[in-house]
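Take a look at this single chain in structure tokens; it is the form predicted on its own.
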């Protein structure tokens, strides 16, 4: 890739709910970075409106126009920048040509995709080309799946440093979560449901625990992933009840792929799972049971066209919509990664995030991933190809998230976690 490109970063999809927040945070961060960046999309009028809403330092932000389905326009766009940062979902519908263009031109790329069947297709189609061009392609750089991926990365690094070995089993528990989600996230969920009905192989693929691992590395001790099994379990390590976490089938696969790409730094027998912690005692059980029932009803409604259309029309946020400012900025989340070593010694990483996870925190995380690709490339141990956040950026991204994205990662002692989830 040429080092003399016009832009360091192009934000693609700046007019959506997440894209607007990414533009704002990128403008704020760039006051100290001093990079050349631009916003892009297909609607010039909407892009100008986004530019007008940015801080004074970015009022004259350049605008680049392209079409998600016009490869020529995308080839011209990516040839002008070192990094593309994309928020345009559903990625299986709108993102394929952009990834192809980046892989060909040697342009680094990151996004907030959680669409694992699409990621697999992109890897299989463009891995060799990305290796040749030097393009680092890093999907899943939002709340899905950076906290999960880097939480395990940090936990295993500390375990190795302290005990000389890694944790053979890690359990992630969401202990607090408040916030909302964007129209783009809703559209991705709807699109995935519709595609899954048309193509049952997608559902079978999503259940495969090692589906994102490299060829020949798709077996291991973990059981199949299920989107929402009817399971309420007692967690003796936290002394409370858990229910399934709806994003775990995505995060699980990213963490397992990281392990494989890191030459099995976590071990060949490494196991990983996620759940929501609802608290101890009868109240925790009631919350878990109620949550599972509610999720079952929602997924059943999404699976049937008539009720799915009603949800789209009356319940789910529309394209470009997202949680209001108060929800975005005042929400929080906390997760705990509990690692078990082979002698039953346990370690914990606690991650706390500021801002609602689906929009505000995701936007900040994506900005730091894009800046990491733009500024820290010569410090990365990997070259071209498809990577996970942990395998590509690891400690470099961890440091950025703590300094600039409102995330704190800390090793904590064996303590009783008494907080519980509170909404989504």
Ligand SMILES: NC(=O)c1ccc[n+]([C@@H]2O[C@H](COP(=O)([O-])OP(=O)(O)OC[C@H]3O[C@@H](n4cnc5c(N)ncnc54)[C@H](OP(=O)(O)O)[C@@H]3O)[C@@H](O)[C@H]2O)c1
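Numbering follows the first chain given and starts at 1. Owing to the predicted nature of the structure, the values given are computational and were not obtained by experimental measurement.
Beyond what is shown, the protein has a form predicted in complex with this ligand; the following relates to that form.
Contact with this ligand in the predicted bound form, judged as any non-hydrogen atom within 4.5 angstroms, is confined among 267-275, 208-216, 315-323, 232-240 to 315-323. Using a 4.5 angstroms threshold between heavy atoms, residue 298 stays clear of this ligand in the predicted bound form.
Using a 4.5 angstroms threshold between heavy atoms, residue 42 counts as touching this ligand in the predicted bound form.
Contact between residue 395 and this ligand in the predicted bound form is not found at the 4.5 Å heavy atom cutoff. Although the partner is absent here, residue 66 sits close enough that one of its heavy atoms falls within 4.5 Å of this ligand in the predicted bound form. Only one of 188, 105, 175, 252 lies close to this ligand in the predicted bound form, with a heavy atom inside 4.5 Å, and it is 188. Just one of 91, 245, 109, 333 comes within 4.5 Å of this ligand in the predicted bound form, counting any heavy atom, and that one is 91. The candidate spot formed by 12, 46 and 142 is fully in contact with this ligand in the predicted bound form: every one of the three has a heavy atom within 4.5 Å.
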